[in-house]
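Below you will find one chain, with nothing else, as structure tokens; this is the form predicted on its own, and questions on how it binds or moves follow later.
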Amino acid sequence: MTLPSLFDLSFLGRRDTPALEWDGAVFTFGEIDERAARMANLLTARGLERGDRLCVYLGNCLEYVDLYLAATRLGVIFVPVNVLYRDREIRHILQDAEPKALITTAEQAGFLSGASVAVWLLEELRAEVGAQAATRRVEVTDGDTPAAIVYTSGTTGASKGAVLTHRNFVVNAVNLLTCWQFTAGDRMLLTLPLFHVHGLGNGIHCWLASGCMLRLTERFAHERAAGWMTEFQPTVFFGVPTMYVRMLEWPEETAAAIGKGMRLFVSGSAPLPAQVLEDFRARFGHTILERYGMSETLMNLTNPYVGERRAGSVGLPMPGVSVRNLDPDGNDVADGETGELYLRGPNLFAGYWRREEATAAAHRDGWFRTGDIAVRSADGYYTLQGRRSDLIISGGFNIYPREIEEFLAEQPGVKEVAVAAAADARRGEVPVAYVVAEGKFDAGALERACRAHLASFKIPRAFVAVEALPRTALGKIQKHLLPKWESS
């Protein structure tokens, strides 16, 4: 099955049903279908053909949905660009993907200098698309057809383009509808950016495949989101940990009222601290469902919708996804021991765009190497310990930052924390804790707590107060941007 076929469950089967609310206006599935048809005809008139790449450098807007749907029908490969990126980062994507065009706004175009491709302004497309016929055209018939190239965050070098096929997206959507029990009766508030697979591959696809009602916003705004939830009364919300941290600041009566109407809160894109899950459950009356996915694989594991949602764990493998936990030599590790996660399944990407060596290096005997370190419990739940690249080796001891971060997050006065490696002449590396404090920052109290509960080699050498942790647009901490600390 291809994405147009999956989405036609709503476009053809629910044409008169309210589908999308944007900026105060409500559109039916039939109206969204016609908008997509007009946009597809406009892109064709502008010369786009099957296999061409189309970069889209936009914030959330109604036309973002139109453009994505049009691309999926035409076989044009959709290349979302992080709206926070600037000239250097965008130039790399343009050089790598070699798109036929890049679509952006007149304002955003100011961040481009000497673009090597045609730049189409959204304002111009808006003026032209109304003259196009609403005749449907669907060129894609093969699930192996590339649907999107999603560029990784590139924290350890130039970002690579993960090629995701129609099959990858369809399998992911069907899994989420089944595992999280989506129905046409759901109401979803989507505040995630559509340039990321969390918002696009989970949010948009679950909406269209289930036929539920969607309210799309430009971004998550902490000071307005409580009002959106109270007014729209969603049953489902997809978020990242930083959103849930901010939601804990809402008044107790507001949180309780919102919780009464909700069916499901989901967290992903970054680890959810166990303490946040516990605090949220007490305040909203819901246990956040944490899951684990990647740009290259979409969703891999999830805590169960029915069953125990275990704090700190990303749960169990999703249908069709096989998981192995291996040591550096490629041997399976025992339950309770740390290993690197390897994956196999129909959700796995087709490879990195025009990078055969990188694709080969990311696989081992047919299994995708995630780079994520994890522990599996005896009953099959996986708990992530961090990235392989985040591992701290101090005096011969392996230190997984996630363990220290979870402990520090439980301490009074700690709002957020990240633990990273710092060079040390004697031990090679030592852990350093970067803390966003609530109220007075007391490094001595944190050190004493660590000494009472952690092995000596795991105690951070320093506790550094920071105003905020550097994050990606989806809330993932960028440890390489933390201030450097040097031992005296």
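When you see a residue number, it is the position in the sequence shown, counting from 1. Just so it is clear, the model here is predicted, and its values are computed rather than measured.
Another form exists, predicted together with a small molecule; not displayed. Remarks below refer to it.
**Q** Answer yes if any heavy atom of residue 246 is within 4.5 Å of a heavy atom of the small molecule in the predicted complex; otherwise answer no.
**A** Taking the distances in the predicted complex, the answer for residue 246 is yes, it comes within 4.5 Å of the small molecule.
**Q** Using heavy atoms and a 4.5 Å limit, would one call residue 38 a contact residue for the small molecule in the predicted complex?
**A** Looking in the predicted complex, residue contacts with the small molecule do not include residue 38, since no heavy atom lies within 4.5 Å.
**Q** Using heavy atoms and a 4.5 Å limit, would one call residue 132 a contact residue for the small molecule in the predicted complex?
**A** No, residue 132 sits far enough from the small molecule in the predicted complex that none of its heavy atoms falls within 4.5 Å.
**Q** Given that the partner is absent here, does residue 294 sit within 4.5 Å of the small molecule in the predicted complex, heavy atoms only?
**A** Answer yes; at least one heavy atom of residue 294 falls within 4.5 Å of the small molecule in the predicted complex.
**Q** Counting any heavy atom within 4.5 Å as contact, can you tell me which stretch out of 315-323, 214-222, 256-264, 346-354 lines the small molecule in the predicted complex?
**A** That would be stretch 214-222.
**Q** Taking the small molecule in the predicted complex, would 12, 187 and 370 all count as contacting it (heavy atom within 4.5 Å)?
**A** Spot residues vs the small molecule: no contact at all.
**Q** Select from the listed residues 81, 149, 240, 171 the one whose heavy atoms reach within 4.5 Å of the small molecule in the predicted complex.
**A** Flagged contact: 240.
**Q** Of 402, 387, 136, 196, which residue is found within 4.5 angstroms of the small molecule in the predicted complex when only non-hydrogen atoms are counted?
**A** Comparing distances to the small molecule in the predicted complex, the residue within 4.5 Å is 196.
**Q** Note whether the distance between the C-alpha atoms of residue 393 and residue 384 decreases (closer) or increases (farther) in the predicted complex, against the displayed form; the change is 3 Å or more.
**A** Closer together, which means the C-alphas of residue 393 and residue 384 are at least 3 Å nearer in the predicted complex.
**Q** Distance change of 3 Å or more between the C-alpha atoms of residue 334 and residue 394 in the predicted complex: closer or farther compared with this structure?
**A** Relative to this form, farther apart in the predicted complex.
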